[in-house]
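Next comes just one chain, in structure tokens: the form predicted alone.
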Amino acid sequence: MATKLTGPVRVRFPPSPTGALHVGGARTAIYNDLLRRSLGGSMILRIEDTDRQRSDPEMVAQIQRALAWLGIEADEGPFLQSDRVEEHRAAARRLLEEGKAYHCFRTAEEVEEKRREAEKRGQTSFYRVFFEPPTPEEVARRLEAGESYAVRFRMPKGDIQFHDLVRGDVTFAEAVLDDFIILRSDGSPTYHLSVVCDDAHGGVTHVIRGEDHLSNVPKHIGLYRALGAEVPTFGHLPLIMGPDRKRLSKRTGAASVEEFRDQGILPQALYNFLALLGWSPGDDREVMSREEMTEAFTVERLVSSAAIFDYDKLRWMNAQYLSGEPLEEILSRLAPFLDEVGLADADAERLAAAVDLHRTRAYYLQELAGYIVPYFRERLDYDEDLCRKFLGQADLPAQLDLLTERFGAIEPFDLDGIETAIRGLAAEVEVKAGVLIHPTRMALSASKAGPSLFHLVEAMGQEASVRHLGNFTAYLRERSGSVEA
């Protein structure tokens, strides 16, 4: 349905600082980012803060942090929409002077009364059906009397037609179009006037945004034309739905970008995941670098059907990035989570070895940090239920004593030496290697599952491995006596 584009383009991302940047806004920013990268061009960051009561300066900072974390850097801005209020007012005065807008002295109560009357009759309420614009004489008289007024745009006659990059040809019939306010009675510009003025001022060529703005397009096209500005190309993205196919909620993934960061999602993974919620590269690829996405991105592959936020898919994709990204990148992203578990000052070499060993098993950075804790803790807490089968093996403590001695004597402490020590001792005491491998894993990690034991022991290091084995052996002796009693 979409039209093939050629560059360069000039796009904008205009979040409102009335809340944190959530996944819907992040996806819009990503598509604008991919479009300007794939075709060449630039992106403007504009903060639409004209809602003074609800705008929060901290949210401006949060939006910038979230975009920076995602790796989206605007070429221009951030600009505050409120800085251009006088230009917006001047545009409204110009439209008044040219007869493309008119003074509106009607109160909100009068308009609401007509709306209720129309609703009772089963009709749609249109301002221009119920109210005539005031005559020049009436305007002069009421202005002279000091009456307050709004400025209402005179919607031009005729249907409004445009081609949407996502939805194809769209027509809004004249019958559904109405005059609308562009300047409130307190002198503040409305969203419609401000956004059109700013897009025209910024030379925006393409407006990529959510489908909730689709109904605004005829108003905006009318304003662009009335102001003598070039009408940009529009593309309206489908909603993101939860797995239940209902509007995305907090429970189904409508979290802020920084909440995903704090859960241990990598920015590369979230960018990749959101990019595929409404776009396809045209093949079976799912895990893609930003460069690969940029090369493959075309508006022809944007889809108009609602996208489903699959948290399990995000979890899986994050695991792919944890496994595949350079170790230095993972260590850098892991730092805050290591701090949370008290490992901010852990030995760098041992830390890197442990992270590299466990990152293929983790879904989140937070989970990965938890896997690393045993490598640096003096003593581990063992779950008696998990250790129950070891408590019933009378010969095990003595066997682990021997293994502890051999671990202490390995030189150098490497994979070959570790495997030789375990398998050699198993042969000597005439047991299968698993009889020693399983309790050794429990001793070193307090867990039944994990990576290859020989790699685990090597990454743990000689000193910690010997210490944990000794502690676990003492635990078995103590608990065995208690169970028998």
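Here the structure is a predicted model, which means the values were calculated and not measured. All residue numbers refer to positions in the sequence shown, first residue = 1.
Below, we refer to the form predicted together with the RNA, which is not included among the displayed structures.
Although the partner is absent here, Y363 sits close enough that one of its heavy atoms falls within 4.5 Å of the RNA in the predicted complex. Using a 4.5 angstroms threshold between heavy atoms, E458 stays clear of the RNA in the predicted complex. Contact check for Q320: a heavy atom falls within 4.5 Å of the RNA in the predicted complex. In the predicted complex, the RNA lies farther than 4.5 Å from every heavy atom of T420.
Taking the partner from elsewhere, no residue among R65, A229 and E325 has a non-hydrogen atom within 4.5 angstroms of the RNA in the predicted complex.
Among N216, Q393, S82, T298, the residue placing a heavy atom within 4.5 Å of the RNA in the predicted complex is N216. Just one of T135, S305, S289, S332 comes within 4.5 Å of the RNA in the predicted complex, counting any heavy atom, and that one is S305.
Residues within 4.5 angstroms of the RNA in the predicted complex, judged by any non-hydrogen atom, belong to 172 to 180 and to none of the other stretches in 343 to 351, 172 to 180, 95 to 103, 137 to 145. Applying a 4.5 Å heavy atom cutoff to the RNA in the predicted complex picks out K448, A449, G450, P451, S452, L453, F454 from 445 to 477, in order along the sequence.
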